[in-house]
Every structure is written in C-alpha cells, then in structure tokens.
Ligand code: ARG
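Heads up, the chain below is alone and in the form predicted alone; it's given as structure tokens.
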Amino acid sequence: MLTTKLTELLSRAFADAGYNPSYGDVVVSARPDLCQFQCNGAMPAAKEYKKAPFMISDEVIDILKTYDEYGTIIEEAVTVRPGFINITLTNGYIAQNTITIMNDERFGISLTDNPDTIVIDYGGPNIAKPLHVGHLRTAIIGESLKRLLKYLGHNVIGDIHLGDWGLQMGMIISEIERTQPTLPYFDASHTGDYPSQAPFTLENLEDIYPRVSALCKENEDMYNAAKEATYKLQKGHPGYIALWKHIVNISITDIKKNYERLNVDFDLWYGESNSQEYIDDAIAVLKEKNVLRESDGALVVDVTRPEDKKEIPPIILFKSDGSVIYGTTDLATIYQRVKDFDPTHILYVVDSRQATHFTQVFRCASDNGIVSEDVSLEHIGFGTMNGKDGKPFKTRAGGVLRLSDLIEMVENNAKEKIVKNIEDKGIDTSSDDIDNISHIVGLATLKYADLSNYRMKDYVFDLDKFSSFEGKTGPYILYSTVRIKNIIRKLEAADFEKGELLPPTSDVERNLMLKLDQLESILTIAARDRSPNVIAEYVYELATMVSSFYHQHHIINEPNIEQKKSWFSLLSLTLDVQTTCLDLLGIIVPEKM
C-alpha cells in the first residue's frame, strides 16, 4: 500500500531531521487536484519543537531529497503553508506498485496474523410469520460483514438465531387446539408417533398468527391459554413439541427460499429452542455470583453501573409465571456459543432500537462470568428503511410489507427497464436470460441502496432513484462492471493478450491505478467500523473512474499494441477488484445486461 511505503520514508526523514518519526504519517490527499498524498505532521510537531510548521516541513523535505527513493518513488514533495507536505509520485512507481497488486491473487491484502473466531447473529426472524421488510437490513448488513471478515482471514460463523420458542409459538398451538381439538397432539392418552404430515400449510400459518395475536390483545382468556401453551411447550409437552416441529419445518423452508433470493446464507440454522438446555447452566452461574433477586414475582438481575447517565432497567430472566423471555434465551445462547465455538467476538446485527436490551444482556453476561473478559460482545445497530413519507416502509394499505413482495417489486422494476432497453436496441434475448438478469439487477438495486448508507442512518427507499442506471446506484455499478466484461470479451475473441503494465498516460489512468491501491485500507476500515458502506462508496468511485477510463481511451481501437496490452491488463485488474468488492457486499455481477 502506497501510504505505508510513504509513511516509512517520511518517518525516516522526520527522524533524520531530528524530530519524532511518529509525525511522518502519510494519508491520501484531501485535495487530489493539488497532490496525491500529504503529510500533516509538521503542524503538531511545531507545538512540541516550538518552530513554525513550514520550517519543519522544509527541513524534512530537504532530508527526503537526499534519499535514493526521491526521484524514483517521489516525483515531487513541496511545502504548502502553514506546513503541509504535498507529495506526488512518479508514473513509473505508480505502475510498478499496480503490477505488484496485479500479481497477487489477493491484490496485496494478506490474511490476518491473528485470526479471531467471530459469531455473527444476523437473522432473528419470528418463524410464526413470513419475513417482512424489517428483516432486510439485518440480513444484508450481516451477510456483508460475514463475507468481509472471512475474506480478511477470520473464522466467522453466521447464525440466523430464529425466534422459535416464545409466546408466538404458544399462540399458534393454543389456536390450533381451540379450532381442531380432536387432533392427536392434544390427546393426553395418545401413544406412539405423531403424524408426519402437518395439519396445516404455510398459508394457514400466515393466517393464524396475526389473527390469534390480535385476539389475544382483546381476550384475556385466549391470552392466558397462549401463555399456558408456551409454558407447556417449554416444559416438553410431547404433543406440543411435535406440533412445534411441524411449524418450524414449514416456516424454515419458506425462510430459506427468501434468504436465497437475497443471496444470504447462514452457517447455523439455530433458534432460541437450541439454547433451552443451557438456561439452567447460565442461571447456575448467576446463582453462584449471588446476583439474582425477586421483583414483583419475577426473577431479575441488576445491570446498572456507577457511570451510567441514564437508568438501565434490570434484566428479567423469569416472569412471575415461571416462563422465560428473550433475555433469558439470549444469555443461554451466549453460554452455548462460548461452549461450542470459544469465540473472541459475538456480533449482533440488530435494529438499533434494541440497544437497551443488548446493554442488559451483555452486562449480565460479562459482569457475572457467563463470558470472560476476552470475549467481545458487540451490538451492530442500524437505522430503519423508510418510505417516502419518512416512516418505516409499509404497503399502500399501511400494513407491513412482506420481504418477498419487496424483492418481487424491485425485480419487476428491473425487468421493465431491461425489456425496454432490449426492444429499443433490437437485441434477441431469451426470457430465461431476462428473468435472471432482472433478478440480479433487482438484488443490486436493493442491496446497494441499503449498504451505501451508513448502517446507523435511517434512509428513504426510493425505488425510482435507486433503480436508475445513472448515479450512485446498484444498476449503474453493474452496468459499468459488465461494460468492462464486454470489452475484455471482444479482446479475447480477437485472441488478444494482456501485456506488461506501462506507466499511466493520463490523469484518469493514473487516478485509477491509485484508487486500486486503496483497497486494503478500505477493507480494513470497513471491518474495523463494521461499516459495509465504506466498501460501497469505494465501489462507486472505482466504477466512475473506470467508466471515465474506457471512455477516454478507446482500448479496442488503440493502434499501439503495447499500450493496448497494458490497458487490457489494467482493465482486467479493475474487473477483479470490482467483482471482489461486490461479492463482499453480496452483490452478483451478470455476464451481460
């Protein structure tokens, strides 16, 4: 990475000039119209050494000019008052550095020397109802973080952590018992196996849960019946367990289809039910610490700390009726993850509105020995995806939009534009091709719209804006990338070969080479800040630069063969970097558009 090499040189120059070498840090220039890199160390050094900053920078530059690297690596280093050191590299060194990137299948990015074991919890759907638009961000952001951290060499385990064990299960079971009481699941005298076929379909489930949920709010008897069913299920009632398995199997089949459409996958398909056997172990740890106390019949643990500026309520582990809730299963899940995977980090990619809940759970776990001090528990919060009215995205009727309907909406929008483009150009393309490309473009529309925003930010999903083939959108980036593929296909069809990379011949070519060098720092920052938007921004800038490059330099018609081969190599490298970054965002690149 160029900034690393330049920091080594400038740090040596600061030291040789009699100053602390720590002031030699070099960064990419904030004013690319003036220079490529800059060192700002003379300003803070001026305070320590009681000198004008330009005097320090002049001394450092004088030393720098005595090095062999000056003239070979650095073309020019100048002082800009009050004391900035502006640096411009030689074209030859920029090309040499790009060749180094090109010759490494990982673009010069080494795997981490100290890999962490990281569990990422980024699903959390309630299996009692279909996935809805609220499940989008956790899936998209979590998937991108999983891919990024794996790419950097960490051992990453993605867990969907299904909501499959709470009151929603009791609601469904109690409603089925109310409406179909003769089923064997509710017969106390039943012996042997229960039916292998569920007595309901996915469509039935989709009707039952919202209906019974509404009824439980109005009818206390029905609510109590749901609570009783939940309690019996969690205590192992055989008929309820058999019925619950049917619910889980039917729901997961549908959930997998929707996540597959999003190009999202999980290493573990665990749910809250998987942590049940660890509840007693987690509670035993808390009992040993003597931190459990009773509050209005419930069992709680206080998690406040002296430095708190606002009150953090105690975490409830057992309600007054003896049933467990999310906090209990979350603690048991942490206990299980520590036991099974010995992780260094557990990340929860969950709506930022759940921040208090995770503060309670994390403090209870870390303060009382459920996890050691070496295990980092992180809540990777995010804002909401809103409609044009600024409120969370809903259907026109005001209901919660299903995720499958949102995916279909963006795919249909993409299909309309693709079909129109095909008709305008008179291209002969099969319907299968159109459907596949529409799916890929729709996916890019949805994912890039989300990931291009900082995750903590609420954003407005404007389909017309985000589906445009111009501007900072997924379709624009795909089009730019496919255009590179088209040029490369034409070169390969003519049996043309890549050649040695030559020094840049234009500003746009030079800037493209410099942008390719930034990949390592981009991925490092994105991983450190858990922010895929950093990669999304880089991808857009790279797409814009390569578009300018192939518009300015007519590669296919270039008469200079060596130059043409050089550009072929640069274009191939850019394509590899671009597709790698898009893959880290979970975005697929089609062969054609």
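This structure is a prediction, so every number in the text was calculated from the model and none was measured. Residues carry their position along the shown sequence, with the first being 1.
Not on display, but discussed next: the form predicted together with ligand ARG.
In the predicted bound form, ligand ARG stays beyond 4.5 Å of every heavy atom belonging to Tyr223.
A residue is said to contact a partner when one of its heavy atoms sits within 4.5 Å of a partner heavy atom; His135 meets this definition for ligand ARG in the predicted bound form. In the predicted bound form, Arg455 stays away from ligand ARG, with no heavy atom inside 4.5 Å. Contact annotation: Ser376 falls outside 4.5 Å of ligand ARG in the predicted bound form, judged by heavy atom distances. Comparing 408 to 416, 72 to 80, 382 to 390, 350 to 358 against ligand ARG in the predicted bound form, the single stretch with non-hydrogen atoms within 4.5 angstroms of it is 350 to 358. Of the listed positions (Glu143, Asp450, Glu509, Asp121), a single one reaches within 4.5 angstroms of ligand ARG by any non-hydrogen atom in the predicted bound form, namely Asp121.
Residue in contact with ligand ARG in the predicted bound form (any heavy atom within 4.5 Å), chosen from Gln276, Ser480, Asn126, Ser521: Asn126. Taking ligand ARG as it sits in the predicted bound form, the stretch 314 to 342 comes within 4.5 angstroms of it through a non-hydrogen atom at Tyr326, Asp330.
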